[in-house]
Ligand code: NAP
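Okay, here we've got a single chain as C-alpha cells, the form predicted alone, with questions on binding and movement later.
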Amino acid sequence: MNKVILITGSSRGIGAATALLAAERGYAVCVNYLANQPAAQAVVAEITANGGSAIAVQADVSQEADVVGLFAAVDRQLGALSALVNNAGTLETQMRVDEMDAARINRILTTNVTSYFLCAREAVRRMSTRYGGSGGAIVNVSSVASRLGSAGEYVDYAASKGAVDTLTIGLSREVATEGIRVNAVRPGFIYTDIHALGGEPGRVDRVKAVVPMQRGGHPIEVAQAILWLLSDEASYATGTFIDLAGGK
C-alpha cells in the first residue's frame, strides 16, 4: 500500500519539487493548488507519466471549509494520510512596517499561519494514535526570515514564519507520544516565483552575494531535506529545524 502525502501549495516552486520527489520515493501525492490548475495538472501528469500516483485538488488552505474538503478528497481518492507538508505561503510588495495596513498583515498571517494550523489539525486527527491512526510525519516550510527579520522588505512575512517555528515546536511536543513527528525546514534565498509577488522577480540574484556560499538555492535542495525529515531515517527527529540557506 502506498504512503500518502498531501503537500499544500504544490503546483510550483518548492511544493512542486517536493511532490515530484515524494512520488519518486513511493508516495501517492495530493498536489494542492489555489488557482493555477494547469500548473498543478502538469505536476500530476509528470508523476503519472513516471508510473506514480497523484491527484490535484483546488483549495484555499487559509479557509477552514476548504481545508476540510481538501483532506476529505485525500481520504476518498488516495486513502489514509501518512505525511503532510505545510508549504503554501505568500508575501506582498516590499515595504516597511510603518507603511503596512491591517488588511495586508491579516492576509499574510491567514495564508501563512492559519493554514498551517488548520492543515496540521486535520492531519493529526487522521494520523494520531489517539484517534486510531497509525502515525505519520508533518514538515512545515518556514524560512530563515524568521531568524533574520526581513527588515525593509517583509517583516510581516518574517513574523508569520516565526509563528510557524513556534507551531512546529509546540505541536511536536503535543503529539510526540502519538506516533507523529513534526519538523520544519527554513529555506533561504531560493529560486522560486514567490519573489515576483514582492515585486522583485530577480531578488535572489541581487542578494546572493551576502550568502556565504555566494549562490541562491534550488527547490530540489529544499525538497530533499523535506523528504529526509519525512523518512524513517529521521525517526528520532521531532521539533527540529533544517536551515537551507547557504550558511546565512
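Numbers for residues come from their place in the sequence shown, where the first is 1. The structure displayed is predicted, hence computed values, not measured ones.
FYI, the form predicted together with the ligand isn't displayed, but the following is about it.
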- Message: Taking 4.5 angstroms as the heavy atom distance cut-off, pick the stretch from 126 to 134, 174 to 182, 98 to 106, 84 to 92 that is near the ligand in the model of the complex.
- Response: 84 to 92
- Taking the shortest heavy atom distance, is Ala49 within 4.5 Å of the ligand in the model of the complex? no
- Item | is_contact(Val61, the ligand) in the model of the complex, heavy atom dist at most 4.5 Å | yes
- Message: in the model of the complex, is there a heavy atom of the ligand that lies within 4.5 Å of any heavy atom of Ile190, even though the partner is absent here?
- Response: yes
- Message: Quick check on Ala35: any heavy atom within 4.5 Å of the ligand in the model of the complex?
- Response: yes
- Does every residue of Val113, Thr238 and Phe241 put a non-hydrogen atom within 4.5 angstroms of the ligand in the model of the complex? no
- Message: Need the contact residues for 152 to 171: heavy atom within 4.5 Å of the ligand in the model of the complex, sequence order, or none if there are none.
- Response: Tyr157, Lys161
